[in-house]
Structure formats: structure tokens, C-alpha cells
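Okay, here we've got a single chain as C-alpha cells, the form predicted on its own, with questions on binding and movement later.
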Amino acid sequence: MQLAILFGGASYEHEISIVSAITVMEKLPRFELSFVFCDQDHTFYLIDRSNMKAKYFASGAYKKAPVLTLTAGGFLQKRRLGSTEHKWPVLNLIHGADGEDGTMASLLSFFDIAFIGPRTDASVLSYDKRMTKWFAQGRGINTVAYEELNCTGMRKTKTPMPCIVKPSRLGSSIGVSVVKSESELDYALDVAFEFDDSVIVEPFIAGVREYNLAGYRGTEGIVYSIVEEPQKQEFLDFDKKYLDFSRSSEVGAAQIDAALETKLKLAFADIYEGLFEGALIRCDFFVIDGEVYLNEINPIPGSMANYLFADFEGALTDLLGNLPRVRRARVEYQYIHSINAAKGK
């Protein structure tokens, strides 16, 4: 089965996307893979599998690779004599801006390219942490209390210490700080505002139980991964998450009872249904006093959360066979023709 892995992008998570692509490549031995790299200037390159190494991109050697442009249904590779159209289905593996904010989803949809990944509306609602909370609350799912600070406003918070400060539109724990006293707040805000004009402040809940659950809609309905209880200290910082994006070994299932597992799956389904079809996503949940709270939605999880599935290759095959159909208006100019007919033209 053919599949093109699309990675890179102009974001703070550019390098993480490269790591993810290399990891996923190794997990799909039965696929006929192609690799499309989007650099920080938004140029697309067709990368040979033999060059799928981090150093190849860091050195700039990728600029010698064939350039691709978008065309109806796929990518176009111009040659000295003519051109070649590549009409593969695409796995959107661009993390952060470009990939998860809706830009790439809109671009692929506009050019009618089949792809695995969140659609535009799902991307917008899950990329911005404020909108994620609004969306979850609208679907009756608990979220942790928060307040928003803007770079042009007051640098004071009503949230009691300790608290967590994080950019509203960024992932991989970049710019995130645990603030334990008022004296640390200014520095934490400086760090967060380096990446975004909007910042979310949440109470830091010591010892909270956290669980990760991935899934997608396949032939038989929603297919769930195992439930993972991530091992962490205070929180998963960037270094730990960077390593997380190169994970390829299966992890053990969390030791939880059937009732809690059911609660987590029901919350996941409430989030997924009617919005994330066509994507494999991972939801990170807190459990507080026996109640499930959504922490965040990962619309394009690191390495596609391959380590949570016993048969990751089968999961992507199933997902590819169940991508949502796009409804397109058929333009027939009936209104203009009727007006012209009425005028006798």
C-alpha cells in the first residue's frame, strides 16, 4: 500500500516532526513509502528513503532533492522533459504550526489530496488550548480551571500557586513552566510569551493521575489503543517529550479497573465523533477524585502514538480505508444561465 509521509513545516516543532517521520518509517515495513519534506520556507521536497536521517536535514543537504509542487489530487515533480504526478495518500506528520493548526489540512483538502490527519475544523479546535477547553465543555467533558493572560495586558494571575504557565498555541511542552511562587511568575511569562501572545495559566495539581488514550475511526467503529499511564516527575518537559517522539517499542497497559477504562473511552468518543474522522489522535486525561478531565488533544501525536497499538501498521491500513468523503458543490452556472435566458441572451 502506498503512503507519503509529509513532515517538517515552519514551526517550533520542525525538528520533532523529522524525528517522528523517521520513527514512523521504521514501523511501516509493508508500506510502499514516499517522503515529502516541507522546509521552513514552505518548499516541498521529495526525499529518498536512504536520506531519511536527521543530519541530512540539519545540514541543508535536502535542498538538492527534487522539488514538488501541489496539483489537483497530488504533487507534481517537474523534470527536464515533462513532469511526473505523484498521487499518493498522505500522512500529515507535521507537528505544531502548519500541520496541526489547520494550514496543511486546508491545503490538502483544497487540492483534493486524500490524507490521514485532522481536518481544518478539528485542527483549529485542538491546536489552541483555549478553544480545546471551550469545545470540551460544550460536549460535557471536564477540563481543568484556567485563566488567560495576554502579552499586552496585566501580568498578574488569580490562580493560586503552584501553577502551570503555557503558551495557548504550542505543543511538546515548549515554553511551559511550573511556577511555585509569585517571584517566579514574571520569568515564566517571559518564556511563554516568546512563543505566543496568549498564555494559559492552570493550577498545578500535585500527584494527579494522568492517562493517555489514542484511537481512530475504522471499519468497525472507533478503535482504541491501550491506555497508558505516562511516567513523569512534575510534568513531561520538552526533553522527555522529544524522546517520546522517537518511541517505537510497545508500552504496557495502565493498571486500571474496567470502570475507569470505560470512562476514558467514553470521553474519547465524545471528543472524536463528528470532528476527528480521518485522523488518529491521542487524548491526555487527568483523573481527579474519580472524575475524568481532558488535559489536551494531540491531533497529530508524536510518532503517531505507534507504541500504543499492538498492530500499528494494521491501524493505518484500516484508517486509510475509512477516510471521510468530501462533499463538493457541483458548479453548473444554472443561476447565470437562467438570468441570461430570461433576458433572451
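In this text, the rigid core denotes the largest set of C-alpha atoms whose superposition between the two forms falls within 1.5 Å. Here the structure is a predicted model, which is why all the values come from computation and not from measurement. Just count from 1 along the sequence shown to find any residue number.
Heads up, the form predicted in complex with a further copy of the same chain isn't pictured, but that's what we're talking about next.
S.K.: I'd like to know whether D121 contacts a further copy of the same chain in the predicted complex, with contact meaning heavy atoms within 4.5 angstroms.
M.R.: Taking the distances in the predicted complex, the answer for D121 is yes, it comes within 4.5 Å of a further copy of the same chain.
S.K.: Does a further copy of the same chain get within 4.5 angstroms of any non-hydrogen atom of V24 in the predicted complex?
M.R.: Contact with a further copy of the same chain, no.
S.K.: Hey, in the predicted complex, does R79 get a heavy atom within 4.5 angstroms of a further copy of the same chain?
M.R.: Close contact is absent here: in the predicted complex, R79 is far from a further copy of the same chain, nothing within 4.5 Å, heavy atoms only.
S.K.: With the partner left out of view, is A10 within 4.5 angstroms of a further copy of the same chain in the predicted complex by any non-hydrogen atom?
M.R.: Yes, contact at 4.5 Å.
S.K.: So which of T103, S173, T157, N142 reaches within 4.5 angstroms of a further copy of the same chain in the predicted complex, heavy atom to heavy atom?
M.R.: For this set of options, the contacting one is T103.
S.K.: Mind telling me which stretch in 315-323, 57-65, 281-289, 296-304 gets its heavy atoms within 4.5 Å of a further copy of the same chain in the predicted complex?
M.R.: Correct option: 57-65.
S.K.: Scan 307-342 and note down the residues that get a heavy atom within 4.5 Å of a further copy of the same chain in the predicted complex; none is a fine answer too.
M.R.: Heavy-atom contacts within 4.5 Å come from R327, R328, A329, R330, V331, Y333, Q334, Y335, I336, H337, I339, N340.
S.K.: Does superposing the core leave V326 with a CA shift of 2 Å or more between the shown form and the other one?
M.R.: Shift of 2 Å or more: no.
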